[in-house]
Each structure stands twice: as structure tokens, then as C-alpha cells.
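As a starting point, one isolated chain is supplied in C-alpha cells, in the form predicted alone.
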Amino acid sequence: MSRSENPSNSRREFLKRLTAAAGGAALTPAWVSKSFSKTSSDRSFEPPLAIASGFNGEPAVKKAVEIMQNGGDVLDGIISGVNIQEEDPDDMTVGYGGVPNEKGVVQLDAAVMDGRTHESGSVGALENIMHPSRVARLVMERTDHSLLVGEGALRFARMHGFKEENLLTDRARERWLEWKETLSDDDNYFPPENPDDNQTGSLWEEFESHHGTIHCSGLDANGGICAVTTTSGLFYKMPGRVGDSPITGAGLFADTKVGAAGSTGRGEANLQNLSSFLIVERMRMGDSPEEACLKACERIAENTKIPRLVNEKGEPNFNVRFYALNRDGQVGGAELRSSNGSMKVADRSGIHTIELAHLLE
């Protein structure tokens, strides 16, 4: 390939012409020319090890490694790990206690992938079942399908003995009710007349403190790699909305020959870019986990063009976080926008917190 045919040269020439056409105005988004901002270097750990999203992942990685150290399977370990959050009513982004959709119904998404066999199983918009990750595993192991949704997923769970239960806690219901009553001044719902009667506090403070979803990947002492992601999804979403979490290649991907990756944040961006698959493929080509995660951030930034999704600088106005490990025990992660995000890692020596690199300030 000649120099003039190099895609990167063509891209630079296009950006130069774009700027010139605007009379010299700086139209190029800042992320195009800036170098990646690394807040940490990739670190290596001795397997068995597990990684997870930083906000809510510490119990999961601790449990996963305990199971693997005692001779358990890596997939058993990471699913048991995320079950802790699925059962936790105080985690309003996963399982029991998750914030409901706009109709007040909790709908859950989850996926598992076994990097040793390349099999995966997923459920979407699943109601009344506390452990969607367990149902997703059964989809992988006991059907010829990869994804079941809605009523079909619920029937399948019932078939395998899962108990139906109300997943809407009072705390999540109050959040939904607050949203419902303050959504519009033109409907027939009213908030309490006395502000002191509203005990739920700031809805947006609650949202900002819960980044959503839990992803967990594991590497066992024999080199086996598996991944799981589970979530209650976007707060007050349209009924039936399914994000990236249960989609193989978007919310997670695993390949024992290479590594695993998963994500939290704006699911639609991951769906449109198959970010987790991209990260694993970048690691296959030689990138470290952190470098691969930053490449996924760059891909999302490149492809975000809709005006409502960009700020005045032409940058995405949302955030996405990625977490990855490779077959050598190297781990790293990155987020699209700097927010002091982190990931949790567990190995034989204990629990570790690793800061995420970022593409944009």
C-alpha cells in the first residue's frame, strides 16, 4: 500500500479539508488529535483472578476467586459473584431492587459467555426472576439458542424451577413514583403537597451515584476465561427495551485464546459499535487490555454524530466504561469520559482497585 493509500493519511487529509472548508474554524473534535490519557498502566496478576466494574464489583470478584481457589469452575465463580448484586436490594441497577421501566415493572437483562467453547446464553426483558444470570447460563447449556426475551424467557425460567417473585422494592418504587409525579405539569399525577412528605431525596443524585450494571470476567489457573454481565437496565426505560448487557459482542465477549471484556454505561453506544468484541479483537492483534479499551472509546467517539448525543465540542455527552483481561493475567480498563472510574480485581493476594484510563476530560 502506498503512503497516499494509507487509511490514516486519508483520514488526516479529510479532517484538514473539513477545517479549511469552514474558513479555518476548528471543527475537529478535541479527542481526534489528543493522545490517550492514561491514569494507570496495565497490571498483571496470577490466576485465578476476576475483574469487575468498580462501583459494585468487589463482592463479586472476591466470591469468584474464592470459588476458583477451592477448585470450582470459573463460570460458577463469576456467576455466583454477580448473584450477590442480583440479590442486593440496595443496588438499584441490578436484579432485585432495580429501578423499573416507565410502567413500574422491573425487567432484567443478562448474558454469559464461555470463552473455552465460544458458547453464550442471554435473557432480555425478563420479569419476576431474581437471578437472570443463572437463566442465561441455562439458555447456553440447555437450548440450541443464544437469546430468549420477555415471556419466552420467563416460561423457560419457570420450566427450570425458578421461583417468581416481586422484584420491585419500596425504595425503587418510590424512585419510580417520584419520576412519574414530576415528569410533567400537564398530567394527572401530583407530588406530595408538603415537600417534607417526599422522603426520596434527589433523584439525580441517586442516579449519579449508581453507574449501573455489573460485569465480571474470570481467568482460572488452567487458562479458562468466562464472562457475565447482568443489569436492570436504563432507569424508567420503555417497556421491552434491551440494552447491550445481554448481547454477545456488545455487553461482553470472551475467548480463551485471547481474553475477555465487558462494559457498563450507555448500552446503545455499545450495541452500535460491538465494543466488547472490538476490545478482544484489539487484544488479539497485540494491544494491552487498557489500550484495547481506549480503542473502543475512540470508536464510539468517532461514530457518535447525532446532535443530541454530542456537546459543544463535538464530543459524546455520555459515558461508557470498559473492563478487560487477557490470557496472561494482564488487566486494564478505560472510560469514554473522565469520572474517576475504576475496576475491581481479585487474585490470591486479595482485592485491588485499578483506575480507568480515559479518552475525554
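The model shown is predicted, which means the values in this text are computed figures rather than measured ones. Sequential numbering from 1, following the sequence displayed.
Just so you know, the form predicted together with a small molecule exists too; it's not on screen, but the next bit is about it.
Would the small molecule in the predicted bound form be within 4.5 angstroms of a non-hydrogen atom of every residue among R241, T264 and G267?
Each of the three qualifies.
Quick check on S245: any heavy atom within 4.5 Å of the small molecule in the predicted bound form?
Judged by the heavy-atom cut-off of 4.5 Å, S245 is in contact with the small molecule in the predicted bound form.
Does the small molecule come within 4.5 Å of any heavy atom of S276 in the predicted bound form?
No, S276 stays farther than 4.5 Å from the small molecule in the predicted bound form.
Answer for L234 alone: is it within 4.5 Å of the small molecule in the predicted bound form, judged on heavy atom distances?
Answer yes; at least one heavy atom of L234 falls within 4.5 Å of the small molecule in the predicted bound form.
Does at least one non-hydrogen atom of G121 fall within 4.5 angstroms of the small molecule in the predicted bound form?
Output for G121 is no: heavy atoms all beyond 4.5 Å of the small molecule.
Pick from G95, G115, G212, G81: which has a non-hydrogen atom within 4.5 Å of the small molecule in the predicted bound form?
Contact check passes for G212.
At 4.5 Å between heavy atoms, only one of the stretches 81-89, 125-133, 226-234, 281-289 reaches the small molecule in the predicted bound form; which one is it?
Among the listed stretches, the partner-contacting one is 226-234.
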